[in-house]
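This document starts with one chain, in the form predicted on its own, laid out as structure tokens.
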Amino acid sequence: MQFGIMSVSDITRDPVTGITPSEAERIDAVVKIALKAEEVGLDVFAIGEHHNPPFFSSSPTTLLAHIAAQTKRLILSTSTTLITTNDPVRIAEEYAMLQHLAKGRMDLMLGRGNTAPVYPWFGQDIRQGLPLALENYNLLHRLWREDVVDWEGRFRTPLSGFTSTPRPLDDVPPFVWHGSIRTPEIAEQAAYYGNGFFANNIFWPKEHYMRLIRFYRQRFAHYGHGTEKQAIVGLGGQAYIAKRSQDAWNEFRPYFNEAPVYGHGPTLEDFTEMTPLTVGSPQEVIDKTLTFREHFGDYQRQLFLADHAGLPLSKVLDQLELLGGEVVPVLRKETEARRDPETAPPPTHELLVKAKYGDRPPRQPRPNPNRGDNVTGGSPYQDTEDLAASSSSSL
């Protein structure tokens, strides 16, 4: 299983010091957090996308490309990429470029977004959020798999003979997760395409997510992508860890009480009882996280929300030390020991290349010198085999 952290990129006042960090400080901090995640042995770092205060991550690909240049092993992802207010053509181009720069160490999680004022800023209507998500992903899916696309839909201008550049690395599209808090239609979309389904799992009741994930697995098998056990599932989660359990409760309580997402509501004790939030020692986090498998079955990716609610950088880095040093090694061992052998492995670029090409070398698209910009019809690319043939014929 892959373990990692996710950020929603909030800029929140520290309730202990009373200081609100600047945008510059938070951007600098999140880069340090990502680098620390790799240092302590985590597998994934994911950043959200927001276009309104108090969030800073309006350009995930820029941030992730910067992190990719400073890491060697970390998989870079999003939590989420807005499939509704972004043009799918720009998503295709920007994430394919990130895929090249990260040498395949990336994927992305698509979501609709639930901030109503953002939609009109990008010329959209939140009441059309679901059909937008379905139509836009249909186009994105094609743009990454077809060299030349003719397309017409409801929400953007038609495309005629359009080629998205650069083509995906090794001509293999990035792996896509469809993230959802509550919507079975998104689980259906993930299943239809054989993509991954990421259940937010930040808020329970767990029975809701159990139904969503069960539905996704059934539909994944229905569409012929494999058995229900082979469906690709990711989960979110939250934890605050300290060596001693009581220290964790004392340290995290003021941040929980003022958190914009769940503060001013249930008590910390009630919230940890009702949701995946774990506050306590490394062993307590291990024990509760292992119960997720009991509820949802084997799954491929577990992400923890780490840097939210005004937590200062020093505390976040301490969390990562405990997560990477004491929690995740045990979770890896325990989940592997319990894993059904039929369960699919976590998605990686290398596995996707292997699934498409087997032992053959992957396709490397090259511009076709015989096809000018004003020429219609046919592929604008000369494949590797064509290039080898033309080279040998000229000798």
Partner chain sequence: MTASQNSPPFKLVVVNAGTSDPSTTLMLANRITGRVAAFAEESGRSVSTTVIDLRELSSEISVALVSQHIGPKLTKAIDALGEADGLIASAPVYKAGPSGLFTSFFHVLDNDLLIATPTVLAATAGTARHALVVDDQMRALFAFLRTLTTPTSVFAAPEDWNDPGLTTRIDRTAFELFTLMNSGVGRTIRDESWRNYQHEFGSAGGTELSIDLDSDMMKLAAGGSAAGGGPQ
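Because the structure is predicted, anything quoted here is derived from the model rather than measured. Numbering follows the first chain given and starts at 1.
From this point on, the text means the form predicted in complex with its partner chain, which you will not see here.
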Stretch from 292-300, 185-193, 309-317, 79-87 whose residues place a heavy atom within 4.5 Å of its partner chain in the model of the complex: 185-193
Contact of residue 73 with its partner chain in the model of the complex (heavy atom, 4.5 Å): no
Its partner chain contact in the model of the complex: residue 212, any heavy atom under 4.5 Å: yes
Its partner chain contact in the model of the complex: residue 266, any heavy atom under 4.5 Å: yes
Any non-hydrogen atom of residue 217 within 4.5 angstroms of its partner chain in the model of the complex: no
144, 304, 252, 271 - the one with a heavy atom within 4.5 Å of its partner chain in the model of the complex: 271
275, 230, 163, 115 - the one with a heavy atom within 4.5 Å of its partner chain in the model of the complex: 275
Partner contacts for 123-141, taking its partner chain in the model of the complex and a 4.5 Å heavy atom cut-off: 127, 128, 130, 131, 134, 135, 138
